[in-house]
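One chain is shown next in structure tokens, namely the form predicted on its own.
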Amino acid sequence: MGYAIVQVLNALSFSALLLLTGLGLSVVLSLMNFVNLAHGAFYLLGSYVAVLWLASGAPWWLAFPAAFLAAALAGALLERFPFRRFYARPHLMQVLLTYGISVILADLMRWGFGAQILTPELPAALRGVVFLFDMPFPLYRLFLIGVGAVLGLLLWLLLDRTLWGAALRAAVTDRGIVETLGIDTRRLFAAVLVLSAGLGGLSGALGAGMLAAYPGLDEEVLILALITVVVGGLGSFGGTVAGALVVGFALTFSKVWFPEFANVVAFSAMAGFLLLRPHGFVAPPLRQV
């Protein structure tokens, strides 16, 4: 019983990390129709910032907003040039551009932070374990589950329950009508990309305590985020949540039951699922005329 609960919590903590990473990618992909393959680089940047911050002796809780701001600043600079010029371009050109930028950013981070694996020095408040039915479980993973749930709820409220979110959804539907109301849609979309980059950095800071930080992690995280968004279904907050849970539980329990073939089993199951539901777990509503 205790072992099963621990594995479920492991899956939930991994799903919380996938949720935050997937939401950052889904916001740009769904709302702006922009394929940003540099999102994994924002995640890795946030991880490095958190590792260095926690090692500096500064207040530990500021590591997360610092990672958010660092990635958001990088996103703002890239949005000014060259992302903005590619919003209306075909997806293939967006893929080539953003993948090339991700390679450049990865090399810059390797040069700046080194090629070794960096593990954060967790604060005393998040160190240690709790016992569930005599089974130990890391306290940091409980923290990750709680923070992921709170941040996911706040992002949902921002996009679905505020005037800013309503203006953004309207701009996606009919940009011309929104601009006639005096709303600068260029700034609106810039804010979305900055928010997406910041979420990538924040998820990297939170994930550093579980996955550490090392060159190549950006590509691994990007693949998982893309799978999360696709399995969940584009254009749906609930779909991203469902995708994060499906991917998180599939990968966690495949490593428990089939450790030698964990990735093969998990990704084969997801591929089979997409064959049955090509639009994802929660298909976006289609308007028929």
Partner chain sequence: MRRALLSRAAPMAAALLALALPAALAGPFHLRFLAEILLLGTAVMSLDLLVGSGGLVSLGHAALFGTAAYAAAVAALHLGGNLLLVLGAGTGAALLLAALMGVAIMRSSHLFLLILTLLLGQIAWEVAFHWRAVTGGADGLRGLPPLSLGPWRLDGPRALFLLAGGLALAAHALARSFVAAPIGRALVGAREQPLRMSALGYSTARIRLRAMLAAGGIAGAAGSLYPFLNLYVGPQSVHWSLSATMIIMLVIGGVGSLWGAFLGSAVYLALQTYVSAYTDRWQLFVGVIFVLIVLLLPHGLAGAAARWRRG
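Numbering follows the first chain given and starts at 1. The structure presented is a predicted model; accordingly, all values stated were derived computationally and were not measured.
FYI, the form predicted in complex with the partner chain isn't displayed, but the following is about it.
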property: Single option in F137, F143, Y99, Y214 placed near the partner chain in the predicted complex, where near means a heavy atom within 4.5 Å; result: Y99
property: Contact residue in the predicted complex, from R127, R169, R186, R110 (heavy atom within 4.5 Å of the partner chain); result: R110
property: Location of the partner chain contact in the predicted complex, chosen stretch of 189-197, 84-92, 119-127, 174-182 [non-hydrogen atom, 4.5 Å]; result: 84-92
property: 4.5 Å heavy atom contact with the partner chain in the predicted complex for all of V8, L12 and M210; result: no
property: Touches the partner chain in the predicted complex: G239 (any heavy atom, 4.5 Å); result: no
property: The partner chain contact at G248 in the predicted complex, heavy atom, 4.5 Å; result: no
property: 4.5 angstroms heavy atom contact with the partner chain in the predicted complex for V49; result: no
property: is_contact(L54, the partner chain) in the predicted complex, heavy atom dist at most 4.5 Å; result: no
property: Contact set, 55-72 vs the partner chain in the predicted complex - heavy atom within 4.5 angstroms; result: none
